[in-house]
Every structure is written in structure tokens, then in C-alpha cells.
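There is one chain below, alone, in C-alpha cells, taken in the form predicted on its own.
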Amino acid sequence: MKMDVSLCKTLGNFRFATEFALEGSRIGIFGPSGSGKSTLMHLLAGLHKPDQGSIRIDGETLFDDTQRISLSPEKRRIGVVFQQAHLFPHMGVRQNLLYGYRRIPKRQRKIDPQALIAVLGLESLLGRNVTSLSGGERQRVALGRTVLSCPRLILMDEPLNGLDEGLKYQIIPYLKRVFDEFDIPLLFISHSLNEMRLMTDEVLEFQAGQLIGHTTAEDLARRRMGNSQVGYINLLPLGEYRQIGDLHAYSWGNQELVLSVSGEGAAGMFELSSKDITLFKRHPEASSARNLLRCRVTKLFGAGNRVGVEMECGGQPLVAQVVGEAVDDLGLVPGRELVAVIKASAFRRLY
């Protein structure tokens, strides 16, 4: 997807103005509340009319004030998934899912409803009333309804914001499977760095109605590490486990990580803060921590008053953080061999 945007819009005391050109299929819109994220979404979808500017997607003009072009929302073929699911309460799950599908020309029906239902795990919900669904189930149905309208682009406006942490991360694998399987471009709006990193490839960063950066979610996370209470979050895809007493040893590349997390022990995505990794010049004689990993420094990067230490550990990347004095104390330079020590309790399952 190619997108060329130049927009201005004043809403009360808030002025939104941006200009960008991008090409990609997984784009994040990041920023705090009041930064203009939702305003951009409404302007792109045709729910608000810009004061001036233009919107072009894949060469087609959706809006241009100088040419007096302003396509209606239905003609833009942009699907929107809001924070609230906005399902039709008088319809069942199946009827909600097929609402848009039945209203588009047959030539535009490029997605098999049964295939999408399977990917979203909705088979057991089809006969139910939407008022009986949980928050996560409602969001999956809302996404399915939007995808089945076969849009050229889907905008997701803080779709996980109203859900608790556990439910939020249960839904993300469904979202990823849908966009991987059906290859629909995505603009994902959120103020969560973890969501950005899991769902997008590149990010437009907004503040006070202005575009202040165009970067990757990974670079954004590293840059914000020093100002974050949780540090940099390592996202670790771990394989199956074996039991070691009351602990779980998960496969991670060509080695294992020992965790004390509860659950069945299935493979999944886990998080580990850079603040929970202690670095040693050599293997400590004894430690209560269960993970002592031999690592090699590949890169150092600054973030506020902290230094990020990027390492390669058994073929896998890992980022720790230290204060500036520790760089000299540990002799941290690319190529330096270290031991990273991590407690079994430091990990948390995301999904």
C-alpha cells in the first residue's frame, strides 16, 4: 500500500496538521492521548472532512480540496475497528459477521467467510447473540465483520484498550493471523509500545497534533527505554518446555530459559524487562538466579541516562540496560563476552 497524505483540521482549540508519504502494509500510529491519532483515523476514513489537504492511496485520490474531491466513507473502502466493537445487538454473531459481506458486489468478495471464521476461532460462537459475548469475543467478531467487507485498508483505533492485560494478549495472535493470512494493509493506532512492536513494522509518532517521527517500533522502544519505568521490554518467542521440579525450561533458540511462570507450559510469547538482567564479566561462582547465559555484546545505544546493551545469546538477541559507569566497569564494547544473569521469576507470558 502506498499512501500520500497532507491534511489540516481544526477541532475547537485542537489543530491537527500532518504530511507524510509511506509504503507498507503494517503501519503503527503512536502517541499519547490527545496527540491526534484518532483524528487522523477519522480523516482517512471520511468520518471527518479535512479543512484542506489531500489523501491518496495506491494512486487513487480519496480527498483533495483543490480538486473538490471528497469520497464518501463507503466509497473509500476503508474498514474501521473501534475500541468499542459496535456490533448490532439485534443480530446474532453470524448475521453481524456477514453484514458487510452481503452488501458488497460479488466481484469484491475476495475472502472466504469460513476461512476467516476458522482463523478467528469463531465457529463455536456463530449461533450466539452478541450480547452474551465477552469483550474479547466481541472484538474478534467486529474484526471479522470488517475484514469480510473486503476493504483496501483496515484502521484499528485502540482496539485492545478497553480489555484487561490477559485478554488483550489473547487477542493479538488472532489479529496477527488474520493480517498474515488475508494480506490486508493495516493502520494500527495505539499508545502501547508492546502492541506496536507485535502488530506493526513501522510507526508514525504523533504529539500535540503534529507528526514528530517516522521510525520502526523497535527503534521507538529503544529510544524510550531510559524514560520508561519498565525499561526496554524484550519480546521472547519461546518453544515447548520440560519440567524441572516446579520450574519450566523453555527452548529459546539453541538453549533453554528457566521460568517460574504458571500455566500449561505451551509455546508462546513472553516479556522480560532490560532492568531484570544483570551483567557479569565472568561466570559467577554461585547465584540464586536460574538463568546464567553466555552472551556477546553486539551494540551499545544511549537512552536518556541509561545505556542499552544489545547482545547475542546463543543465536538470540537480548537487550539489557546499565548506568553509564557500568560501561567502563564491565568494559562494554562490541565483541565483549559477558554472562547475563536472570531470575526465573522475571518473565511474564503475553500469549
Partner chain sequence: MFDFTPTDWQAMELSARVALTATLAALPFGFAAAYLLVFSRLPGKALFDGLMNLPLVLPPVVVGYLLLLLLGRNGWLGGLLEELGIRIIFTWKAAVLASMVVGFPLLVRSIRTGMEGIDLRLIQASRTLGARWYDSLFTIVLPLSGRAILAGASLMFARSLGEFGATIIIAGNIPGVTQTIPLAIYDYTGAPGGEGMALGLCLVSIALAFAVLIFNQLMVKRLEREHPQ
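Positions refer to the first chain, counted from 1. Given the structure is predicted, the values throughout are model-derived calculations rather than measurements.
The same protein has a further form, the form predicted in complex with its partner chain, not shown here; the description that follows concerns it.
Check: Going by heavy atoms within 4.5 Å, which of 271-279, 86-94, 179-187, 229-237 lines up against its partner chain in the predicted complex?
Finding: Of the options given, it is 86-94.
Item checked: in the predicted complex, Thr200 touching its partner chain (heavy atom, 4.5 Å) -> No.
Next item on the list: Give a yes or no for Arg222: in the predicted complex, does one of its heavy atoms lie within 4.5 Å of a heavy atom belonging to its partner chain?
Entry: Arg222: no, not in contact with its partner chain in the predicted complex.
Next item on the list: Answer for Phe82 alone: is it within 4.5 Å of its partner chain in the predicted complex, judged on heavy atom distances?
Entry: Phe82 belongs to the contact set for its partner chain.
Next item on the list: Answer for Ile78 alone: is it within 4.5 Å of its partner chain in the predicted complex, judged on heavy atom distances?
Entry: Yes, Ile78 is a contact residue.
Notebook entry, point to check: Pick from Arg109, Arg103, Arg242, His214: which residue has any heavy atom within 4.5 angstroms of its partner chain in the predicted complex?
Noted result: Here the answer is residue option Arg103.
Margin query: Going by heavy atom distances of 4.5 angstroms or less, which of Arg26, His42, Arg56, Arg290 would be at the interface with its partner chain in the predicted complex?
Written below: Spelling it out, the residue with a heavy atom inside the cut-off is His42.
Note to self: Taking a heavy atom within 4.5 Å as contact, would all three of Leu47, Ser72 and Ser149 count as contacting its partner chain in the predicted complex?
What the structure shows: Checking in the predicted complex: Leu47, Ser72 and Ser149 are all within 4.5 Å of its partner chain.
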